[in-house]
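As structure tokens, one chain now follows by itself in the form predicted on its own.
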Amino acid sequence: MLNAEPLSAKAFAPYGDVIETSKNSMAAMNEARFERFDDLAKINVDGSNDGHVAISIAVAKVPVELPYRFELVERHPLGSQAFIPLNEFAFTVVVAPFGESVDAADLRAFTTNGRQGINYRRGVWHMPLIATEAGQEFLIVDRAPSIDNVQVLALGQAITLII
């Protein structure tokens, strides 16, 4: 069993960035009609093979039921990958440290507060994206094309995610 903990920048730092507004990153914009929050995540993509930064939207078609069982993780060696909810809803991510393999004991799960997004560092193992309701939308910032940028690893056992 894997229990999810609340997402915080400090706890998630080994795996990537938490994307959320903070007074530390705020600047006035457009004659101070807006507050702008800059540099919230370190986007990193390998530009080889015509790679570039892409912005996409994913809409959940099939929600998962909790608790959720998964048997594999993936990573993206050529670029970071960010997921930002377009509406306010909490979502859960599972991560593992860098390395060639993943030990189930090293998995960590985090649940956002509904307003946070995440950015996986390049090469960080993570569970594929899940949604708990159909229609949940995510803004995605990652590397395109995705050719040769996804590696999948079977864990050898099913892990049950508890939220």
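Between two forms, the rigid core is defined as the largest C-alpha subset superposing within 1.5 Å. Note that the coordinates shown come from a computational prediction; the quantities given were computed from them, not determined experimentally. One rule holds for the numbers: they count along the sequence shown, beginning at 1.
What follows is about the form predicted in complex with a further copy of the same chain, which we do not show.
Contact check at 4.5 Å (heavy atoms) against a further copy of the same chain in the predicted bound form: all three of 29, 39 and 55 pass. Not displayed here, a further copy of the same chain is approached by residue 139 to within 4.5 Å at the level of heavy atoms in the predicted bound form. None of the heavy atoms of residue 103 is located within 4.5 Å of a further copy of the same chain in the predicted bound form.
In the predicted bound form, residue 144 approaches a further copy of the same chain with a heavy atom inside 4.5 Å.
Remark: residue 98 does not count among the residues lining a further copy of the same chain in the predicted bound form, judged by a heavy atom distance of 4.5 Å or less.
The listed set 47, 128, 123, 67 contains one residue whose heavy atoms approach a further copy of the same chain in the predicted bound form to within 4.5 Å, identified as 128. When two forms of a protein are overlaid on their rigid core, residues whose CA moves 2 Å or more are considered shifted, and residue 31 is one of them between the shown form and the other one.
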